[in-house]
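For reference, the chain that follows is the form predicted on its own, supplied as structure tokens.
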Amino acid sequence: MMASFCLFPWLYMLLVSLNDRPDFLGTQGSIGLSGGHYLAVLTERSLHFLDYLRNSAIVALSSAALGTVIAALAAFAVTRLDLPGKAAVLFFVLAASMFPQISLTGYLFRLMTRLGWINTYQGLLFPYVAWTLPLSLWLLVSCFSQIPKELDKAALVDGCTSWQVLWRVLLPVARPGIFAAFLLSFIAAFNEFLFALMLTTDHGARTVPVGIALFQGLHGEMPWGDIMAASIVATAPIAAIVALFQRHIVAGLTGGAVKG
């Protein structure tokens, strides 16, 4: 029942994307299935859908990778090094993540304008890293804190440096948490809308969520079939990734919650 409830919007999108008329559910509507909308979004150059898809993949992968690396280094410092105010840093990061995006867009737009980064990949990369970093940091801190410190001591006795302890001991053991942090960051960056809307102007850097939302402006009408087809193409890879790596995501999220 719950699966049906969750899948119903996606199935409705699929049905609309395969139908030539958006009003096929009306009393006089007729169901005529075809792949014309998919052919349009994948081949019509005026839609730039493939450009949007490429931009989303590049920005999401880059920001997830960079954010996960930063989070792993920060989690190592918080859980393994004797630093003052570690708890305050964690709670500051958590508090900063609670600010709504809309409260930051004005300052962010002015900063990116001065840097000349409007409609560029780096103009989206750094906001996305900052936006997804708190989730990755807290997840990896929880994961690293469950790894016994005796492993660190044993590695240090064997002659390892702190960097070697991180690289050869902690990272292999914390691999499920790192992988989960990367996937969650990638999904969040791929689906992000507001920053991409404010910081991009055309298909040179515009991402899929904004590109699909602006289909109406490109045509002067609401092309529901094209919108649904583009949405299916954009969400299918994300759904496949979640289904394929569901166990890894759950293992990473729950790894720091259970000792053992």
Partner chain sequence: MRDRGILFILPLLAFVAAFIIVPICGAFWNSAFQDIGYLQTRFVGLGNYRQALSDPAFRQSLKFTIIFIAVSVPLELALGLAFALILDLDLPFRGALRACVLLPWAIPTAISARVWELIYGYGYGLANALWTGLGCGGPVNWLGTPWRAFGSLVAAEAWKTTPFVTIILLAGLSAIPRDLYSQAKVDRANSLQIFWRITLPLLRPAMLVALLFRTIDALRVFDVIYVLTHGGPGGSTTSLSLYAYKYFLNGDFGYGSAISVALFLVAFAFSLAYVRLAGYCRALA
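Numbering follows the first chain given and starts at 1. What you see is a predicted model; the values in this text were computed from it and never measured. Whichever C-alpha set is largest while still superposing within 1.5 Å between the two forms counts as the rigid core.
Note that the form predicted together with its partner chain isn't included here; everything after this is about it.
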Which of 40, 70, 50, 58 has a heavy atom within 4.5 Å of its partner chain in the predicted bound form?
70
4.5 angstroms heavy atom contact with its partner chain in the predicted bound form for residue 65:
no
Tell me, yes or no, whether residue 121 is in contact with its partner chain in the predicted bound form, where a contact means a heavy atom of each within 4.5 Å.
no
Hey, in the predicted bound form, does residue 205 get a heavy atom within 4.5 angstroms of its partner chain?
no
I'd like to check something about residue 106: if you look in the predicted bound form, is any of its heavy atoms closer than or equal to 4.5 Å to a heavy atom of its partner chain?
yes
So which bits of 111-132 sit within 4.5 Å of its partner chain in the predicted bound form, heavy atoms only?
111, 112, 126, 127, 129, 130, 131
Core aligned, does the CA of residue 13 move at least 2 Å between this form and the one not shown?
no
